[in-house]
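Next comes just one chain, in structure tokens: the form predicted alone.
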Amino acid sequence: MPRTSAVDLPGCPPFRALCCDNLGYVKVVEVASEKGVPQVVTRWGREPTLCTSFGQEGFALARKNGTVEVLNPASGVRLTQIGVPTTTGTATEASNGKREDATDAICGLHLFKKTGIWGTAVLTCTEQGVVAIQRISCQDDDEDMGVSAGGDEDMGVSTSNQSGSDAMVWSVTDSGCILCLRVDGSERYAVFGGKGVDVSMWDLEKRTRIWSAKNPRRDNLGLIAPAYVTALAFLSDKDHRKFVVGTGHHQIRLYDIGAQRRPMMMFDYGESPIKTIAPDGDGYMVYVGSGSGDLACFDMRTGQNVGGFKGKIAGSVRSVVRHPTLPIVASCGLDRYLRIHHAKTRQLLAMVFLKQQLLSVVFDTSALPVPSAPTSADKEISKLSDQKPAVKTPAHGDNTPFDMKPAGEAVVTGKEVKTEKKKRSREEVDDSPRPAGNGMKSKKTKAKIKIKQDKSPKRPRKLKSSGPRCL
């Protein structure tokens, strides 16, 4: 076997993250101290998971049995559970029957903000393109949740089971297979894409398509690559017009719906499909993970690869997320490792082995301390701390303490004492009597003579040979 050497990692700042694997386990990873090592503190187990979403209300998970559960991220208690509709109930869908190119599996999930326009609701999408928005009701944490002492396997009794009878359901495609969806920051628009389905934007309130992409131009061989969208991400939460698309043909595309239907920018990355894209939050940087384990940062203003993240990743990268306040980036994938990198230097800070193939990772922002409003006393204390007291130094030859000096006398600092010493020395030199006479040389002329003598090289004196001496 080849020799391997363990490298000591510098550690990462305190954070709390939730990781979900293909078996349905949700593992809580925490770092308690500064420059600490991530450790698994607890684990919650359920049915196999397909996709996740983190919001203000909790942590939502789409299960393989066709249900969506919302968990309390602090305790892991199941707050609610709903069923996902798989058909729209229209006559055309009934006549077409079961599609062979897609299944009823949930491929996209989004948990709306509690303070948003939808309230506490969930957006789901299946591979067949059936989109549904359902309102949910979650109980407060201080009520009795009926938590059992089952430990890892049982995280609690369901507090509410809701049906999808009052859901808003519609279809976004009639052919192909939807693979991903993304909702913008205002939660009014959503983009969908998949295999055989090019990216399109929909208005969630009106349930209408407002924009659809056009196929890129033919390549140098005259061929058109089929639509194969595998990852989506909006550049900014404040602008829904610009978003980034990753394809199964290892391409990264930038779209602007206000400019044109074709990509504004398109370039290749690696030789494997793009699996995940996450925005940095500044409006132009994105983190891209591929199926071959490559993780890099791109500047979407120029399309330049800023740099790859250090540390070899053995499997496909399935999830990348940037912390909202700390300069760290978390990534996970099929190699069963959770890695923490520095966002600026891209250095590997810490990594932890989680035993199962990981599907997603999110930062638990609800665990962050909420800063309280400063009071009037705190403001006065901060003002006093900002004022730097002057360094009091007694004047030259003055041994009187500062407390005994009269109030009108000014305090002399250390810099003023030094300047006064220099002035006194100059005045003493100028006032000293100089002897008159032409034979006396000034100091400047003496210094010039010394410099000339130093510059002139001293040559050894040659002795005149007078021939051999006769004895």
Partner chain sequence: MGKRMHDDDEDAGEKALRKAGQKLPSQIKNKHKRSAEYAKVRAEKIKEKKQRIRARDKAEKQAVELGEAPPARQVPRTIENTREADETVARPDDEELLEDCNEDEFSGHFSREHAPKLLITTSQECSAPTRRFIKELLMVIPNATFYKRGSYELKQIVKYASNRGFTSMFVVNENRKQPNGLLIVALPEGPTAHFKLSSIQLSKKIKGHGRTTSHMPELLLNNFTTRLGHRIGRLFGSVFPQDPQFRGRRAVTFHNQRDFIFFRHHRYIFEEKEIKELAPVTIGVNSDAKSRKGMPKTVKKNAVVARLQECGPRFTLKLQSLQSGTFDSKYGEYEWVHKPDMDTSRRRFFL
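Numbering follows the first chain given and starts at 1. Since we're looking at a predicted model, the values are computed, not measured.
Not on display, but discussed next: the form predicted together with its partner chain.
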{"property": "Residue contact check: R63 to its partner chain in the predicted complex, 4.5 Å heavy atom", "result": "no"}
{"property": "Contact test in the predicted complex: Y337 vs its partner chain, heavy atoms, 4.5 Å", "result": "yes"}
{"property": "Interface membership of G291, its partner chain in the predicted complex, 4.5 Å heavy atom rule", "result": "yes"}
{"property": "Exercise: I313 in contact with its partner chain in the predicted complex, heavy atom 4.5 Å", "result": "yes"}
{"property": "Contact assignment for its partner chain in the predicted complex, among R253, R182, R318, R322, heavy atom within 4.5 Å", "result": "R318"}
{"property": "Answer option from G176, P85, G76, G248, heavy atom within 4.5 Å of its partner chain in the predicted complex", "result": "G248"}
{"property": "Location of its partner chain contact in the predicted complex, chosen stretch of 182 to 190, 291 to 299, 235 to 243, 258 to 266 [non-hydrogen atom, 4.5 Å]", "result": "291 to 299"}
{"property": "Triplet R46, Y228 and F353 all within 4.5 Å of its partner chain in the predicted complex via a heavy atom", "result": "yes"}
{"property": "Heavy atom contacts to its partner chain in the predicted complex at 4.5 Å, residues of 26 to 41 in sequence order", "result": "K27"}
